[in-house]
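In the form predicted alone, a lone chain appears below as structure tokens.
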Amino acid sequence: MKLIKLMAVTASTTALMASAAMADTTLNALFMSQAAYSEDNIKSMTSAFEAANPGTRVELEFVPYEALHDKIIAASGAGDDGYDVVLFDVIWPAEFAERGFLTDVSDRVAADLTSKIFDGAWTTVEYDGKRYGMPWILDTKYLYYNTEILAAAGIETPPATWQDVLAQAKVIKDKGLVEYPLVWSWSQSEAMICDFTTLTAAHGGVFFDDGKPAFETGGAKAALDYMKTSLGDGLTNPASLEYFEEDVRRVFSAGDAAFAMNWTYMNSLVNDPAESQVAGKVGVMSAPGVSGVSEASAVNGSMGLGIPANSPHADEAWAYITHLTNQATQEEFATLSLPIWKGSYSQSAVTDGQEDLVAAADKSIAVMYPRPLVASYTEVSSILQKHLHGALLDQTTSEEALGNAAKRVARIR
């Protein structure tokens, strides 16, 4: 009898240990260490998730945005050792869906969520009628301006159009207030493409027409001409040709620029005395339009969270994504990235202290313009980056740069 009881206890203990082992899950999650939520934000969100889900632990990995795409692709061949949750850009779902890198989660998304989240946010994770994740970062680039410099130049109102931006920048430069009033992230990178897209949208341009490149003329050419003019007239800091977003923030925060284009996250940091010399002297607005063409302009710079197709922990990964993207979590961390939820914009936790940003977002979200939503986007972007950058370096004219880019893009489409 004692032997039987001992065997029963041993079997019971073994079963409990096996059950515990099965319950303990480690998720590998990939994020970027650039713009939007900070690493500390994401770690805090993750700690709250782990506390509420004691059987699940999350290993976080942070990489620069420029490494994110290739990391996701490389891990797709790693089997169970790949990622369980990945952050992806709005420009990648077409490629990732067609190549089978992301899991279709359409059936996991509750039907009542569709109307509660901005349409522009949903486009971040949709392709061919399916959803490949949850939108998380609802973002675009805003125009930041130094109110003290504008006042010293006798400028009473911020610019209403992109033409006004150059006119005001010239006044500021002529008065000797700053050497280069404008600063941008125009390194040969995706950051430059985002600014080019904003300006293309403002000028009424398009990337493709009936599936063929259409960016060598019209609004896209006007956008590149605008960029070149700002450099040629000495209004844009020439170092912008090497800058990323954090470089823009650094220059603007030092008081060395009157205007800067950057993402939501900069608003909080440039108004933090510990991070900025211009705290309390910053205005933010939606990127302006072009007289007779548009009233505002914005690039869709949103990002989503998805489950790689090779993840062995899809259920736990979805629970983690649900936690990161829920309304309460986003409202708690709304200073570096505004929520995807329509209802959040009436909450004091979101609006207090950043009323100007919320007002700018209200205008910008409505006009967010996409970069080309094609499966070959990475190649298209690379071609554009090379030729646009060459034009900005005065190696070619706008016509030559965009014409050559269009010919190359046509060959891969």
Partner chain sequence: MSAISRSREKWVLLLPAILVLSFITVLPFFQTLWTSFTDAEITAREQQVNWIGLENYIWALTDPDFLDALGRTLYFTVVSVGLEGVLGIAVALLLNQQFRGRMFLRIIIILPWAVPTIVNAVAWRLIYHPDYGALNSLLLQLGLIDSYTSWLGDPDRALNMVILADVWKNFPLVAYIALAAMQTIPGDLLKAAAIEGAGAWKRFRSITLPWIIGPMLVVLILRTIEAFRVFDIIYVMTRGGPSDGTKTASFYVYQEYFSYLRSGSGASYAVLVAGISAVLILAYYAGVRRDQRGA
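Numbering follows the first chain given and starts at 1. Since the structure is predicted, the reported quantities are computational estimates derived from the model, not experimental observations.
There is also a form predicted together with the partner chain; it is not shown, and the following applies to it.
With the partner chain left out of view, the stretch that reaches within 4.5 Å of it through heavy atoms in the predicted complex is, among 209-217, 289-297, 243-251, 118-126, 243-251. The candidate spot formed by H69, E379 and G390 lies fully in contact with the partner chain in the predicted complex, as each residue has a heavy atom within 4.5 Å of it. Here is the short version: of G280, G343, G232, G100, the single residue with a heavy atom within 4.5 Å of the partner chain in the predicted complex is G100.
In the predicted complex, none of the heavy atoms of D89 sits within 4.5 Å of a heavy atom of the partner chain. The partner chain in the predicted complex comes within 4.5 Å of a heavy atom belonging to E95.
Taking non-hydrogen atoms only, A152 never approaches the partner chain to within 4.5 angstroms in the predicted complex. In the predicted complex, the partner chain lies farther than 4.5 Å from every heavy atom of T322. Taking the partner chain as it sits in the predicted complex, the stretch 183-202 comes within 4.5 angstroms of it through a non-hydrogen atom at just one residue, Q188.
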